[in-house]
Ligand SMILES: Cc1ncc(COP(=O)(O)O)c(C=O)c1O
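Presented below, as structure tokens, is a lone chain in the form predicted on its own.
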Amino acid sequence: MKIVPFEMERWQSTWENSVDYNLSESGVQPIPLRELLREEAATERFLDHPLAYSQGNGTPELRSEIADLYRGATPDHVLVTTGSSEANLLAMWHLVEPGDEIVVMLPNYMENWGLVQAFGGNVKSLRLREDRKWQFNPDELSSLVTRKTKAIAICDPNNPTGAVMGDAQRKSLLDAARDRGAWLLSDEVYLGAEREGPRTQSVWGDYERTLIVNGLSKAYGLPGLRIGWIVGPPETVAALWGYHDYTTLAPTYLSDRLAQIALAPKRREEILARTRSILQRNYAILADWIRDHGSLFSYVPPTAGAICFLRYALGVNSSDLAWRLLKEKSTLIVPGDHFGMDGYIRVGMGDAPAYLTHGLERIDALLRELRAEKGKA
């Protein structure tokens, strides 16, 4: 098995902790442990937890909290994983055999795109279209899905565009999966991180051959817990637990307990309200900054996620632009190249307002230099 290099993860992992301003992140400012625990008594109780192994598939208490998010689901429908990235790995490992055909929504977080190829499958790209406000053409989906299609992998809300799938696209997706008996793998890790509008509706419950991937990293602002999950038919989830035995074995004991606190209904809604507040506040800052640059940038406003996918009118490759910003201004963004889309950049807007503003000022400094260089050419 040969892996496809995961360019964005290597880029972020290498530099995100060494730059002055990290605008590559797609989640909101993480919640401090003390804020999550809140009360001194709760903190003291937590400090008395033993550093033991936890239950391999997640404690019944945590799986029950997760199941409550999905209509008709029970704890037997849930497998807790080490982040949503492991959830995607287990799902693809289980689904993809050499030669299998997998339809993958693009642009996207490129994990599933790489995993399909690593496991010997063939990727068929379902393209989101900027001129459709980052929706796919249902007719194109119909032409892509054949009797050879093993699964359709989507990300909704989408990374990097922040778009939420429309009703016509949702119907065409479910119809195509049913007609061909394909699995539907839906990465919903940004569900609950809507800047505006209603909460995105999960595709869970509309089709029996569905696997949902989610976690606490993005909408919940708890990436350091490394808690993700898969929701699916109980027999499939039981099979996936067997794959989990060969990877991380179990979520950490402390993360499982903290996740129970975060997902308790009242606390969960408070956390998601915090996320929406951050996104609304910071998007106003970013939108003003974009507007100040006139025709340099064009974009479709994101509905969800702490990200904005910008097309730029500069004669420079996106990776070259990001590299110069990193080396000369100690500021990190994600180049469109990492999504197979040169001419775009992804800018994160989930941190504190002053941090975001200073990071944008660093981008401004580089843009001024690029204009000066162009003027001398």
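A residue's number is simply how far along the shown sequence it sits, counting from 1. Just so we're clear, the structure is a prediction, and the values are computed from it rather than from any experiment.
Quick note: we don't show the form predicted together with this ligand, though the next part is all about it.
Residues placing heavy atoms within 4.5 Å of this ligand in the predicted complex fall in a single listed stretch, namely 189-197, out of 248-256, 189-197, 232-240, 282-290. Exactly one listed residue, out of L90, I212, L173, C155, brings a non-hydrogen atom to within 4.5 Å of this ligand in the predicted complex: C155. The contact residue chosen from T303, S85, S202, Q169 relative to this ligand in the predicted complex is S85, the criterion being a non-hydrogen atom within 4.5 angstroms. Within 4.5 Å of this ligand in the predicted complex, a heavy atom is found for none of S54, T59 and H77. Though the partner is left out of this view, K124 does not reach within 4.5 Å of this ligand in the predicted complex, counting heavy atoms only. Residue contact with this ligand in the predicted complex: T331 places no heavy atom within 4.5 Å of it. When this ligand is considered in the predicted complex, Y109 lines it closely, a heavy atom lying within 4.5 Å.
Contact check for R268: no non-hydrogen atom falls within 4.5 Å of this ligand in the predicted complex. Within 4.5 angstroms of this ligand in the predicted complex, the stretch 24-54 places a non-hydrogen atom from S26 alone.
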